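Have a look below at one chain only, the form predicted alone, in structure tokens format.
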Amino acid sequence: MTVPLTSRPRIKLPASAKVGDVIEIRTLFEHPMEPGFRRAPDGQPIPRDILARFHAQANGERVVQVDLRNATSANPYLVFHARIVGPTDFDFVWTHEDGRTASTAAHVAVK
């Protein structure tokens, strides 16, 4: 069993929308995204520590999947859109390259 990531993911999306609306979803995950190429002030290498993947699902269907790499900045901030077809339960999962995960969920009600 892997230990979950300790940072708490942040998401921003509307609490409600009309059927057919396209909503904007913003996500932020505080993480250093250290590629493993740099050295600390004492000259020792800083170990690699990156998130490998983000994916979001709406009512169990994948909306977006992003593979993150060395060039991804610290604290990855992602923005994407989804069309609302009814009451929607979103699930968001960030996966570290060592298998640890962090997740959060949100609900968008229909007006």
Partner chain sequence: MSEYPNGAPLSLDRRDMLVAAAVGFVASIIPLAKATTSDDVDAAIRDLIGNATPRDGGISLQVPETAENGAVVPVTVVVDSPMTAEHHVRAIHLIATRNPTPGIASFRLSPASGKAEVAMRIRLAEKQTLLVFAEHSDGTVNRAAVEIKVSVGGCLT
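Residue numbers count along the first chain shown, from 1. This is a predicted model, so every value here is computed, not measured.
The discussion below concerns the form predicted in complex with its partner chain, not included here.
Review point. Quick check: do M33, R62 and T72 each get a heavy atom within 4.5 Å of its partner chain in the model of the complex?
Key: Contact check passed for all of M33, R62 and T72.
Exercise for review: Would you check, heavy atoms only and a 4.5 Å threshold, whether V22 touches its partner chain in the model of the complex?
Suggested key: Within the cut-off, so yes.
Check your understanding: Going through 73-103 from first to last, which residues have a non-hydrogen atom within 4.5 Å of its partner chain in the model of the complex?
Key -> Going through 73-103 in order - heavy atoms within 4.5 Å of its partner chain in the model of the complex - the hits are S73, A74, Y77, L78, V79, F80, H81, A82, R83.
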